[in-house]
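Starting off, we have a lone chain in the form predicted on its own, written out as C-alpha cells.
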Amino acid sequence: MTTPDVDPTIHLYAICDGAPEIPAVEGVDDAALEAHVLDGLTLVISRHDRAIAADEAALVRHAAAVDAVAAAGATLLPARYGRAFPDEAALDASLRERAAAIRAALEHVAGCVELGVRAADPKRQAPRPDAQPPNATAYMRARLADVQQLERVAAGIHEPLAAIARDSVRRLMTSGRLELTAAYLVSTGSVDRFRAAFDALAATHSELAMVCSGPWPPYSFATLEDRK
C-alpha cells in the first residue's frame, strides 16, 4: 500500500500586535485558525498536510479570516495569500528577520482602517492621432494638455481625501480616460468625516463614476518595504 505524500504547510493570515482573541472561524480548506506567539507578536495561522491551491475559494476564505480577526479589534498586518512555511522554525526565522519593520508597520496602522476610492470617466476619450490638430507636434501638445487636465482632476479628488488620512497610495491611468484607484489609511474616528468628504467630491464631479469601499483591514499598507 502506498502512503500519500505529506507536505506539511503553515499558512499565514496576519501578524497582530499583542495577544488578540482569535475568532472561531475556519480558514483555507476549513482549517482552524491558531495563534502562534513570537516575541510579543501573534501570528494567525492554520496548519495543513499539503500545499494550498491558489484558487478563488481559497482566496475568499483567506480574506474572510483576515476580516474576522480585524473585526475582533486586532491591530494587524494582513499577509498576502500564499505566505506559507514548512514548519514553525521557518516561520519564526522569516518574521524575526523583519521584526523592526513589522513593529513599525503595526504602529503605523494602529487604530486605522483602509478605505478605497475609484473614479473613472468612461465617456471621455483622449485626442486621436488622426483627428485635429493635423500634425504630430500639435497632437502631442494636445495630448499633453489632456493628460495634465486629467491629473488636475485626479489631484482635486485625491488631495482632500489624503489630507484626512494618515497615509495613502494611488494609481492613476490617463490613457484615453481618467481612471483613479486609491487607498487611504484612515483612523476609525475619521471614517465618517472621510465619507462625507467623498460624498461632497462625488457630487461636485457628477461626470465621473465614483465609488468608496470599505472599511477593510489595511491591505495596501501592510507592506514591510519602503514605498517610494
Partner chain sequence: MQQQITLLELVDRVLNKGVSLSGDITLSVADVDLVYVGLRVLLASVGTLEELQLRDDT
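Small disclaimer: the values here were computed from a predicted structure and weren't measured. Residue numbers count along the first chain shown, from 1.
Form predicted together with its partner chain: not shown, discussed below.
- Contact with its partner chain, judged by heavy atoms within 4.5 Å in the predicted bound form, is confined among 158-166, 29-37, 185-193, 55-63 to 55-63.
- When its partner chain is considered in the predicted bound form, only one residue from Glu151, Glu88, Glu107, Glu97 comes within 4.5 Å through any heavy atom, namely Glu97.
- Under a 4.5 angstroms non-hydrogen atom cutoff, its partner chain in the predicted bound form has Ser213 among its neighbouring residues.
- For Arg83, a non-hydrogen atom is located within 4.5 Å of its partner chain in the predicted bound form, even though that partner is not displayed.
- Although the partner is absent here, Val113 is not a contact residue: none of its heavy atoms lies within 4.5 angstroms of its partner chain in the predicted bound form.
- Though the partner is left out of this view, Cys16 does not reach within 4.5 Å of its partner chain in the predicted bound form, counting heavy atoms only.
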